[in-house]
Every structure is written in structure tokens, then in C-alpha cells.
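The chain below stands alone and is given as C-alpha cells, in the form predicted on its own.
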């Protein structure tokens, strides 16, 4: 386990929307480099950089055409290496987004694989042995190649699935997970990882990490076997490299070599109840003021995950990501403040999505961009100032990758930095608090002290520290004796004594 993850706070950057230094309306590596001081001063000491490899961008870069080449619209491969170096000078680590489950249909591997004559890459993807044969719960494309067969896709038509084999082959075209072609795919992934790690990358967030082996992969045992091989080998060669899984099953992900697993926004799971618990048109999110939320719905799902895996790695809570609505979609400023107090005092490695620190909004109704569809409204440009294009770019408005928030009161960083009561200052203060006290770090002990059905506050401990949260609009009391403790941070008003902890409406108290 890389030791630096104990104090890591990640900042997710969607490169095309962060900062345009070249003036063409699309964010780039130079723009990110120019803003590294900002990331550092916010308190984030690690970056997750969304896909930045060469791509036709039919799915925002998750359709890779060349894993070893930076996308020209962001800069050169040398520019990306310089980004690593500049980040390291500021004490910031950088994870790249690895997409191992599929490639672009324009990838040279696929162009070879689709040829009718047999060649070394014929088995790099999953093909049937007859153009009109398909089924088994998989999605196929046929009639797009001279090869007599159909190929499996993971998402869009442009994303053919790489071949890692089948756990229980049942068709003539199924290969086992230890077949030569499946093993060759593993080695190709290792080669990609070595390429970037040797150039200064600090690890990878892995897209769809649980989806490699197809068909009857019970308990993901086949996929886990693949990752144990890949990460076991790469981890020995690069022991300080960190690996984060898009999996949402930590008992599986952490057991096969990942150090972090995202607690994702799956409908009905514990994370979903915190921010986006929409049912029958009503919002019952826990951090929504007086929405009838219940912290126990989160804890019933989270605690078994945490207790079963806390010795193996970290569960990563997120503010949101490029696939979800921003938290400001349904939470106001004070509600966000209480949520961020929770995010940055819980165990595991937290991830903050760019712009969430200033309450950037989910922009509804935008036309889809590069396969974004409903997700497009979360991928709009970072709003740095009140100036032209809100400081994102000097390009003409019509040339922007996506429009900035058009509202007159759209949040911007410059204004919030000048306002000590802003959301930006709250987030920065909470991140600094996490760094100041190791007991708020990734692996310090966690335990629930008070949590009752449809009641507030929620009180928990991190080491010897106590955190009490009351997102409701009413005063709340917890019979948790706290005499002799000092107040180290407060939102709203609260007091603690030998009788317990009393919190005012929408408040937070952190005690040591």
C-alpha cells in the first residue's frame, strides 16, 4: 500500500473543461499546469486526470485510439510528462484514467483484428465465428468488417471489447481466461501501465475495472484473477504507484490489488441516499434540509463494506464525478458545507470533482457532447472569474468545448476567494483540517457513536476525535458525553459537555 494515500485528497480534472491555455476553446495540459498552484493551495495533493490519450472522442476519450500517445488537442506526450514533473514539484501526485475493457474501433489493434485473414491480433477482441451468430447476454456488432463474425462491444458501437477470456466457455468462439490471446491482452495492459509509470505517472484510476471477463463471472472471480496477475506484477515493479477501481464492491476490488474502490452513485445504495435520493419525484437525500433523510440507510450499506475491507484498502467517497449530477443540483450552500464536512472527515481517500468547491451547477438541457448525453451538464468549463468565458478560455464563445453557466449569479472562483464566507473557503478549510489531524486521514479508526432512524445528529469518531453533523433545520441532541474536549472546527452553532452534544440547525461540530 503506498504510504502517501494515508493523507491523500484527490482533485478530479476533466481536461477538456478545466483551463484552455491555447485559446482554441478546449482545455489542455498547459492550462492544467498553470493551475497546479491553485490545486495545491486548495489542499488537494493528488489529481485524477480523466482520459487524455489519443482518441476520436466519440465517448469523451473513453474510446482510446493509442494508449501511448497524448491526445493532440491537449498537447504532446512530452507536455503530459512535463505536467507530471510540475505536479511533483508541488507535492501533487497524478493518476491517469486507464480504460482496459475496450478501445476505439480506430485502434490499430482492432484494425488488424477485423481482417479476414488470421494474424497475431485476431484474438485481441471478442469475435464470434459466424457473422450471424450472437447472444448470451452480450452486445454485438456485425456487418462492419470483412471478417466472418460479430464483435462484442462494451458501450457504444465504437467501443469493441478487449478479450480477457470467459470463465466458463460454452461456445465455440469462447476462449478461456488463460488462453494465449487472453493472456496476450493482459500483457498489453501491463505494457501500457509500465509506459506511463516509467514517465512519471503515479498510478491509475481504472475504468469499468469489474467488467473484463465476460459471461458467468460469478463473484467476479475471473476478473479478479486477471487483476491479481496485472497489479501483482506492476505493483512489485512500482510499489509507490496507486490503483483506484471503478467497481463499487470493495471486498472484490481491494482483494485483487486495488488500493481504492469508488463508492459510486448506484441507485438505492448507501452513497445514493446521501445526495441524490430521488424517489417518485421526491428528494429524501440525507444532506437535503428537512427532506426526511435517514443516515441509517447509508450506514446499513456502508458499514459492512468498511468493516469487511478496512485492513485491505480504502473506500473512496466522491463529491460527484463526470458521470453524475453535481451536488449543487439539489443542495444549497449550507447543505453543501455540511456534506463536505462529512466527505473530508470520513475514512478512505476522498475525491473532489473540479468546480464542486465553488458550487458549480449541473446545466440542464445541454445537447450531448462526445457521448455525454445527460452527463454533459456536469462537464462544463471551470468558472475561474467573472470575465470572458468565466476565465476558462480566450476563444470566441461559439468555439468553447461546452458553454459556461449562463446565469447572472453563476459561481466563480475569483469572487469566492475574496469572500471569506464562501463555499470555496469552507472546502479549503476542511481539507486543511484533514491534513492537520492524522486522525482525520484515510486509515484512522472510525466508529459510529450516535445514529438513529430518521433522527439527527449523526455522531462518529475518528481516532480520539468526534464529528457531529446535523443537516436538519431543527436543533438536535446526541447523548454522547464530550466533556474535556476542545472544539477544533464548527459550522453553525453547537456545544458539548458531559451530558452530550447539542447542535443548532444545519451545523457541524468537530471535537478533540
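Source: prediction; values computed, not measured. Numbering follows the first chain given and starts at 1.
One more form of this protein exists, namely the form predicted in complex with ligand GLC; it is left out here, but the text below deals with it.
Chemist: Is residue 207 close enough to touch ligand GLC in the model of the complex, meaning at least one heavy atom pair within 4.5 Å?
Modeler: Yes, residue 207 lies within 4.5 Å of ligand GLC in the model of the complex.
Chemist: Considering only heavy atoms, tell me if residue 283 and ligand GLC come within 4.5 Å of each other in the model of the complex.
Modeler: Contact check for residue 283: no, nothing within 4.5 Å of ligand GLC in the model of the complex.
Chemist: My question is simply whether residue 458 lines the interface with ligand GLC in the model of the complex - judged by any non-hydrogen atom within 4.5 Å.
Modeler: Contact check for residue 458: no, nothing within 4.5 Å of ligand GLC in the model of the complex.
Chemist: Residue-level contact is defined here as any heavy atom of the residue lying within 4.5 Å of ligand GLC in the model of the complex; does residue 323 satisfy this criterion?
Modeler: Contact with ligand GLC, yes.
Chemist: The chain here is shown without ligand GLC. Which stretch in 117-125, 132-140, 301-309, 153-161 comes within 4.5 angstroms of it in the model of the complex, by heavy atom distance?
Modeler: Heavy-atom contact with the partner occurs in 153-161.
Chemist: Within 4.5 Å of ligand GLC in the model of the complex, do 67, 107 and 199 each have at least one heavy atom?
Modeler: No residue of the spot touches ligand GLC in the model of the complex.
Chemist: Going by heavy atom distances of 4.5 angstroms or less, which of 259, 379, 186, 214 would be at the interface with ligand GLC in the model of the complex?
Modeler: When ligand GLC is considered in the model of the complex, the option within 4.5 Å is 379.
Chemist: Would you mind picking the one in 73, 375, 432, 174 that has a heavy atom within 4.5 Å of ligand GLC in the model of the complex?
Modeler: Of the candidates 73, 375, 432, 174, 375 is the one lying within 4.5 Å of ligand GLC in the model of the complex.
Chemist: Looking at ligand GLC in the model of the complex, which residues in 246-274 have at least one heavy atom within 4.5 Å of it?
Modeler: Contacting residue: only 246.
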